[in-house]
Structure formats: structure tokens, C-alpha cells
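Presented as C-alpha cells, the chain that follows is alone, the form predicted alone.
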């Protein structure tokens, strides 16, 4: 089975990698976007540095909001294990991605063993009350008629502080009573359905509660691989994703190095796109080097090299929200497809300096 193509022509992987290296050398403004594990991230960032590229996560908008909360605002956060063992009131702010539903279902079907014997109460802000993963509990919806999540959070914060509001939050009395009796309330959130003002408002509410008692937040990232890549980027360059090397040093600018924006604005001439999960589509007017789990060349790509999916085709290291840290993942159905890091290192070997990427 062919695993590499130049245009529509089958070629050996080494030849495709050499051609990709030539495109990178001739590019004036290359950009990388990826969705891969920590090994792939490290190789992608190291190659981006060698060729002066900017890099971002695929669909990095929600990730950028979560990053901004940590870097610009800060907050009060707890770990999944503490939530599992202590949280007696759980508030879900906004909808959560499907990959977190199993964890929430586990919370819904258990009681905190360090919570004094009380069962958990669930409240929802802008989340679906009849979601299957909440079938074991009867969550109460906190909402303001005709208002979105941000406005509901603002009204909830105001009512908790004893201020008047134009429209009250539904079930507020039940929420206030549960909060007053709770030993460890935890707010679950991600950047998928909350924008930055909403995330900021949520942390403000938690800070207000901590003036008299305690509460915390559990960050459930919009993309687990994206959060792993954010941490890898931070320890490699000192900055999170949306960093560029155009001036020979890492520079972080979440607007300037938004790769999707750069491509749309015509600021990039070569796109290196790495993902074994997402369907890859070539952008108009930009040459594409695609590292994808594909049995055929990507339409419009100058180079396509087939790669395996982390945790499926090969072992991987990735962020796990269930444990709140990076974790080793064994391949579920190992194949001979190369991983992204291997291919990126092969491309780097064909650059003019011939230096191997750091391990």
C-alpha cells in the first residue's frame, strides 16, 4: 500500500520527505497546524523553528481562549481526583465535548468518599439537562430567560453577591442553598462554549464564593491533544501555541500567529498540516504538505504522507483529563504506519544543514 505521494504520484516516503523539505526551504512564510500527541508536537515545533514557521493547533480558537484564561487572568483550579473524591456540588458551565462525558457520568454515578457522606448535586448553565451522561442524576438548570451563558453567569454572580438583577436566574434559591451547605463545590468548564468574558466571569464568581467559603474549577479542555501540545510548546519555547519563529526566536502572539487567520489573510505561502484524525482540506492559494492517515493523496496537496493515529496505530504520550496530566497510551491496534514525529524528523534530515531534530 502506498503511503506517500507527490501530488497524485506514488513515491517512497524518503522521496516525499525530501520534496517537502525543498518546499519548506523555498517558502517565505510557512505555517504549521497540527493535532497530534506530545512526540509529534515536539517534532513539529522543532521543525517550525528550523524553517522560521508559525504554529497553531487545528481548530485552536477554543484552545486559545483557555490559554488566555491561564496566562492573562488566572483562576482557582482543582484536579480531577480532588473533584472525584470531594465535590458534593457540581456545576457544569456550558456544553462539554463528548470526550469528557464518560468522566462526568462517573461523577454522576458516584458519591464523594471524602465529602462527609453527602451525594452530589448537579447544576447546569447552558448545558443539556437530558444528556445521556447525566441520566443518573436530576440536574437543575440555571438560566435567565432569553439570555446566553455569559449573561446567565453575570446574573448568577450578581445574585450570589446580593445585588439586584433585571431578570433572576431560575432555581437560584436551590443553588444558593446547595452552595451554602456544600463542602467542596466544583465548576466544570472548557473553552468550547464559553468565550473569554464568560470564562473570566466564571472565575470571578468562584473568587467571590471563596471570600466566605470555598469553591474551585476543573478545566476540561476543548481538545486533550491540544492541551498536551500547549504544555509541550510552553516547556520548549516558553510560550503556548500560536508562536512563530519568523525572526529567529520564539514570539507569542495569539492574533498574529493564528494560523487559520494567517492563511485566510494571505500571509502564508506553505501550510504543513498534521492530523491523523481530522479530514484535511487544502486551502486555496497555499501549498500544502499533509501528514494524514490517508490511503490516497489529499486533494490539492503538494505532498501527502500517511501517518498513524496516536494511541491507535502506535504508542503515544497525550494529555488525559481523567488524571489531569500527561499519560502514556498504548496502541489499540498497532500498524506499520509511521508516526508524525518520525516523518517530521525525516523531513528535517533533508534540510540544507542536515541536522537531526532533537529527540
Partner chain sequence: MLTRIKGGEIVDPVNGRLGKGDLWIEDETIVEAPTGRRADRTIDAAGCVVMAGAIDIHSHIGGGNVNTARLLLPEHHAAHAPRPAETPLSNAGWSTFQTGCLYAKMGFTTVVEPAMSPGSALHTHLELADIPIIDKATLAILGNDDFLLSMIRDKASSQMIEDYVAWTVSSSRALGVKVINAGAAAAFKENVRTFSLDDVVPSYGVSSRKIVKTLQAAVTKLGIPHPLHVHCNNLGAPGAADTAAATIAAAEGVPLHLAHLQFYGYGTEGKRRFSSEGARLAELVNSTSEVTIDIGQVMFGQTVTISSDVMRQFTSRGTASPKKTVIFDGDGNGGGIVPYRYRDDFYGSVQWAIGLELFLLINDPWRVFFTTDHPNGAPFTAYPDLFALLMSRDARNAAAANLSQKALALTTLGSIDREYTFEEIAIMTRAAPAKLLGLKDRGHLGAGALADVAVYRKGKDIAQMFREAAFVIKNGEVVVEDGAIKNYRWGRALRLNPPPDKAMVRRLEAYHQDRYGLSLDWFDFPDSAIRRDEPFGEVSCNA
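The shown structure was predicted, so the numbers you read here are calculated from the model rather than taken from an experiment. Residue numbers count along the first chain shown, from 1.
Note that the form predicted in complex with the partner chain isn't included here; everything after this is about it.
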{"query": "Candidate stretches 41-49, 26-34, 288-296, 301-309 - the one whose heavy atoms come within 4.5 Å of the partner chain in the model of the complex", "finding": "41-49"}
{"query": "Contact assignment for the partner chain in the model of the complex, among 283, 166, 114, 265, heavy atom within 4.5 Å", "finding": "114"}
{"query": "The unique member of 105, 158, 231, 178 whose heavy atoms fall within 4.5 Å of the partner chain in the model of the complex", "finding": "231"}
{"query": "Site check 227, 317 and 339: each within 4.5 Å of the partner chain in the model of the complex by heavy atom", "finding": "yes"}
{"query": "Any non-hydrogen atom of residue 7 within 4.5 angstroms of the partner chain in the model of the complex", "finding": "no"}
{"query": "4.5 angstroms heavy atom contact with the partner chain in the model of the complex for residue 210", "finding": "yes"}
{"query": "Distance check, residue 184 to the partner chain in the model of the complex, heavy atom within 4.5 Å", "finding": "yes"}
{"query": "Contact flag, residue 325 vs the partner chain in the model of the complex, heavy atom cut 4.5 Å", "finding": "yes"}
{"query": "Sequence-ordered residues of 236-254 touching the partner chain in the model of the complex, heavy atom within 4.5 Å", "finding": "236, 237, 238, 239, 240, 245, 248, 249, 250, 252"}
